[in-house]
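What follows is one chain in structure tokens, specifically the form predicted on its own.
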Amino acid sequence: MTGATATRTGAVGRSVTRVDSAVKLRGEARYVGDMSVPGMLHGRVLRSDRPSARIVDIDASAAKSMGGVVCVLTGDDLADIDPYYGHAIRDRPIIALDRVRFAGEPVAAVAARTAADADAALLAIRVRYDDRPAATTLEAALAPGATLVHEGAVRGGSFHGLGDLPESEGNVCYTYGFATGDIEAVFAAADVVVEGEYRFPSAYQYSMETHAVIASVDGEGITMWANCQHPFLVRAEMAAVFGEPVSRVRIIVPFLGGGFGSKSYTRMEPLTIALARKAGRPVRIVNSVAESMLTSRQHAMTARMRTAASLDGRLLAREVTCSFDTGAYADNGPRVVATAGDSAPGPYRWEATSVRADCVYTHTSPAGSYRSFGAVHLQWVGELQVDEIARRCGLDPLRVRTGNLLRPGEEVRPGGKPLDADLVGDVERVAEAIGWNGPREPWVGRGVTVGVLAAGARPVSLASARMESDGSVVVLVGTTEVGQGARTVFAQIAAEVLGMDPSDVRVRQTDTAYTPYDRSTGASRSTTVAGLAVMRAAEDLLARLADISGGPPEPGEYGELIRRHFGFDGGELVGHGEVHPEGSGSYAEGPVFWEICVGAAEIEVDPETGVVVVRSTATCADVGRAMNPLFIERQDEGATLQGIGTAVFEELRYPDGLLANDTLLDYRVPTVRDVPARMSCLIVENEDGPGPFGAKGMGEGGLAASSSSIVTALADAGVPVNELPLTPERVWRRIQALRRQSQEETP
């Protein structure tokens, strides 16, 4: 490719307008719920109303005889296939077979000519249950002699990527851990030891669009229109379940109204396919918000942590044991647990560490991916303990951090990729942004936190860049546009390589029948991994242009070169780009990069009501190279608001295993009234990432950073807590307990 470099246009590094902004603002963007295909039926799902029971009988005779009803699907209709799926552990049936394991599990599904007909048919189905004992909390699931959610051997899924899965122990389906140094000896010699038990609630990855699928099964195979984040993984899993070659399963991904992990991996696709297969016609299923809350959620967690230090603030050792509630089926639980284990020690220099993280089945709805999983679970816990060490030693918490943080090139976890960021510089920037050394006020606190997140997922992505005879370019890449701006950034990357304006580059939506393979959309990998494939495709295209021009081509000549090459006003040139694991051990020695979770916050708490108000926040987007600065700022603002929700408001409640707050009237998410008066996103560009032009992802770190800094800021205000969210009642009760403790300790 020598001599094939085009003139750079500065397409990368500027805030180009989103390519889909106009169509969305005009209301012309079509989502799955807006779509209809010829002959389409409406699907509805009957869900269990109890957490654990044997199915004695399903009487659907009345429903089947109703006008407009085409078919009713039950477990008996799946005898011709192996009806289990699950990318980590293959443990979940498409529809309940002989028992239900959570309240909300599908037990029957109806396909009818109208939505009203389908709704009426659901009311006519009668299910007889034999209730069984339920383990609906982590404590119950881990207790001696606990009721087992699953029995029998563990079957690994197609994409767990975690090595051999051991036999489950009781309700623990997967365990991750590591240890370094002599942990007991270091703790025994330490001047200061901080320890505690902590609780993190489950939350819902609320996005504007609920889960939706249209499925068609015919002589050509299976076709789906689905709002899934990982269409190629879903395609492979559905091919395996329904006994089809991958080439006969097609997924078309239209616009998505957000995901945040809730649409990762397989959700409503297998049930919709099964219903369409029986009906012999296309079927559409669109979840309500309540149904989506039962389809995917965040993992709840309990943790015990202890941290050792010397009186001069040197961090010595950390021990963590934690359990994650993955619900009735594993879903992405094993990966969440492994990522949490990597995040648990924090990015500090330790003499000894010990980490054990368990993935635990319970009789509740399945938990899956949620933005910044693992880091958001444990960063607040570890950073609270760092702050407590600083208080006991009479030291500045910021200086304790900067004195102990890992430097670039040092090991984060045994066998993993070394740190690839300047954490000291990052945390100093966010501290300054919130006025760390400014005057102090009563009941006002400031917090800074530092963490890292294993990011990038499996680095397998392909892309193509096709130049038409008029010199315009079409990029095909399988990353899903979830609202993060990937299509715009990919256009910028290709334009930068080719010396063009991004407006002359089109990036098509994903269709697995035509789009090159991309492993998934998540783990902050799109710009870094898929973007690198796009860059390589554009470079390959540029090299082809150079070959036919006999030297470095000028962007204004591209169309003429193609016309001259083919001899008329037609033809095209195509460049291909590929990213795959490289080096010995490759993916196992990951992650692709360490995403930085660095933030700061100032909060105010009312001691008489317990209400916490977030005054200001600062996050650090350590991105290597900023593709589109405005997108970065908006990403971090969104992550910060989700962090406020995680820290202060959000919690799914399961009394007796039944989801009690399954509407947005009862489940509190942040609103515009909760936006801090000051929000800062500090962009750091050291060109130290593995992506295009030295880029690395940043879509998740702001959530873990903001939520944990709010918690440490509350502790700085005098109210340390060990359970989230920081509801007024919980904070008020903690203040009262601290006041009583102070009175008892006063002579």
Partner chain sequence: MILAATVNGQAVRLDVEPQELLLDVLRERLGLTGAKRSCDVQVCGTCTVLADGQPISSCCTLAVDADGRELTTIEGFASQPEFAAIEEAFTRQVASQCGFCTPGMVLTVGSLLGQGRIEPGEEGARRAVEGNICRCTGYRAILDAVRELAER
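Residue numbers count along the first chain shown, from 1. These numbers were taken from a predicted model, which means no experiment stands behind them.
FYI, the form predicted in complex with the partner chain isn't displayed, but the following is about it.
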- Message: Quick check for you: of 590-598, 498-506, 176-184, 284-292, which stretch puts a non-hydrogen atom within 4.5 Å of the partner chain in the model of the complex?
- Response: 284-292
- Looking at the partner chain in the model of the complex, is some heavy atom of each of Thr17, Gly257 and Met679 within 4.5 Å of it? yes
- Query: Can you check whether Arg634 is within 4.5 Å of the partner chain in the model of the complex, heavy atom basis?
  - Reply: yes
- Report whether the minimum heavy atom distance between Gly33 and the partner chain in the model of the complex is within 4.5 Å. yes
- Query: Should Ala62 be counted as a contact of the partner chain in the model of the complex, where contact means heavy atoms within 4.5 Å?
  - Reply: no
- Query: According to a 4.5 angstroms non-hydrogen atom cut-off, is Asn437 in contact with the partner chain in the model of the complex?
  - Reply: no
- Task: Go through Val613, Leu664, Ala140, Leu395 and name the one with a heavy atom inside 4.5 Å of the partner chain in the model of the complex.
- Result: Leu664
- Heavy atom within 4.5 Å of the partner chain in the model of the complex - residue from Tyr558, Phe200, Tyr361, Tyr204: Tyr204
- Item | Residues within stretch 354-387 having a non-hydrogen atom within 4.5 Å of the partner chain in the model of the complex | Tyr370
